[in-house]
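Only one chain is included here, represented as structure tokens and corresponding to the form predicted on its own.
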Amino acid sequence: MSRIVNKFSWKVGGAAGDGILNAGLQMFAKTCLRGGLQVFATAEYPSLIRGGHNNLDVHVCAEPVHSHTKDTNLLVAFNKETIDKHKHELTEGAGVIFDGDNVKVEENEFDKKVRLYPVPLLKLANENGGKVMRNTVALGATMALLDFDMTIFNQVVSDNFLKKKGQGIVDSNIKAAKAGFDYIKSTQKEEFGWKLEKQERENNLFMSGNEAIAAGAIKGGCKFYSAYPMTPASSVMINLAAQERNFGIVVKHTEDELAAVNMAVGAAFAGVRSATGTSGGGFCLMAEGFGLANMSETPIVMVEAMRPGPGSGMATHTSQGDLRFLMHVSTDEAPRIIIAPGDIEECFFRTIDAFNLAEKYQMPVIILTDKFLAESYATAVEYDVSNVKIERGKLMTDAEAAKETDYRRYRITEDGISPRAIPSQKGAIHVASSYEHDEHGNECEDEDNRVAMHDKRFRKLDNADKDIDRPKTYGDGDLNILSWGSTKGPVLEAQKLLEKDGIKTKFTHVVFMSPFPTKEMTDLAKDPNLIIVENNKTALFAGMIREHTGLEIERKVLRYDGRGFAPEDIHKGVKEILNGKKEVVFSRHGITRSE
């Protein structure tokens, strides 16, 4: 059969410590990127330091790719568990690279025709630098099967290791890869069914969602970031810490989440653009600090990367289960802006927006992501930042503050936004606390004052509704798919699969969850051809639509097993619904409920 060119899915699996992420992200994915191809990579790993099963999916295409795929064309297995766990994902004619000296595999174990490539990974590794080179040997074998350019791979190896580990380690890795490459070329009986070919490279990047948020924070003027590490938000702090000296940022690893949010509030009160980040469990501890920022009208940005709960839940997996929590967190009612980016580019630009909106409306802004988006990597075109502006809202200059004779930090205004001063500005002394207050900031429990101040704070949210991006539509068809946040990529890929079946779809994606896009959702929810896709059990966003519009979305595609949607899930779920089902629920093994 003819070989499939530049449309390929690769999976590597093994135990923690086998170098899965290093092999997949730092070497294989980057080699494809350098070869001008489009790449999406996502990893799965347990909450263990060593042991457990780890795997990484890399989806490579000639054209832009928005998600991983459920199908695997080549599996690199460092142990038998990897084969047993993922053999059902292999496509017809797929390949399996494994250590034939240590793992016994038979062709009759598979439900499809596959090609087995027993490579003596450990033996070749020991001959070329030691056991740690097993992953590099496997990468050389991969390159041989795909007939891809080894000169690109060798340059990636040099770039990865030369500065940190020296020329000796570079040479050992190149030698180990060549050993794997030569072994396949000398033993391969027929061509593998897939091939990668180099094409002209655009000026592109390879970033994770958290890296894009960190880059957006830097471009958005963030100068202080405080956090206590909590998966999957931790790498925002790590990436910002690496750039402290380059961009004049203070990054504080705090003793807990309470300290993190309060430090961020303090820095923002002092006039610095500040942020903090955590996951759901950490945000629970930040609830009181969130309320302080709201009552004192202090602008902070808060990154919340969702994972399954309740409690500690599944620390290294994904979910869209915190939406309702974030919409209502804090005592009483309080306005907040919530941004749920759907891809790497939105992580970057919407983070810049978050800092501008926080200062313009003097309220907390939450960037709501999840493990799938935060830790997945994708090709990104170098961003055009020529139109990026830093908007500080009604932050007073020293000259403006000096003219004040009766400064009212919480002056009641038509738009709800008051003139903001920072400590040390003459003429603008005021009180800022978590108590209800009058216009000067002094504690006040008068009924009329309470109503006036509460209305003032909520007027800001009403005005912010005019200043945010509206839901965006992709494609044109009678069937309408609705989703929010990180499900964007899998839905975009599912649209391609559905179109191959003759089903044209229109996809509406929502990024700004608060202020809630009531008008657009009212119009959309009336569509009898609407299907909503969510990574939670109870269709939280559908419930919000019902709350704001009174309209029920009956047709749902859901998943809540701690894993993100694959495009194939959505493709299959939509077809089930077209066959008369109302709700389809997925897990790793396919449909678990269809009714």
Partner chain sequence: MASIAELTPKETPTWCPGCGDFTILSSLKNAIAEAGLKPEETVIASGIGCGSKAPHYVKTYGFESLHGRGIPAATGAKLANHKLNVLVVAGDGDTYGIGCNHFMHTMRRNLNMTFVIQDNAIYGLTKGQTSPTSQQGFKSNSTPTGVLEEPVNPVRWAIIAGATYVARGYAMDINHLKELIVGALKHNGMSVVDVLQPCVTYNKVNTAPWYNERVYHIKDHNVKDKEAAMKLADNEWGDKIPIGLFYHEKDKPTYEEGIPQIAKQPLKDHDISNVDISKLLLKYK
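Positions refer to the first chain, counted from 1. Note that this is a predicted model, so its numbers are computed, not measured.
Heads up, the form predicted together with the partner chain isn't pictured, but that's what we're talking about next.
Candidate site formed by Lys506, Ala525 and His548: none of these residues places a non-hydrogen atom within 4.5 angstroms of the partner chain in the predicted complex. Shown alone here, Glu255 lies within 4.5 Å of the partner chain in the predicted complex, counting heavy atoms only.
Residue contact check for Arg563: none of its heavy atoms lie within 4.5 Å of the partner chain in the predicted complex. Contact check for Arg245: a non-hydrogen atom falls within 4.5 Å of the partner chain in the predicted complex.
Within 4.5 Å of any heavy atom of the partner chain in the predicted complex lies no heavy atom of Tyr361. Of the residues given (Gly193, Gly281, Pro229, Gly441), Gly441 alone sits with a heavy atom within 4.5 Å of the partner chain in the predicted complex.
This chain is displayed alone, yet in the predicted complex one of Glu211, Glu346, Glu493, Asp353 has a heavy atom within 4.5 Å of the partner chain; that residue is Glu211. Partner contact region in the predicted complex: 415 to 423, out of 415 to 423, 102 to 110, 512 to 520, 173 to 181, criterion any non-hydrogen atom within 4.5 Å of the partner chain. Taking the partner chain as it sits in the predicted complex, the stretch 373 to 399 comes within 4.5 angstroms of it through a non-hydrogen atom at Glu382, Tyr383, Ile390, Arg392.
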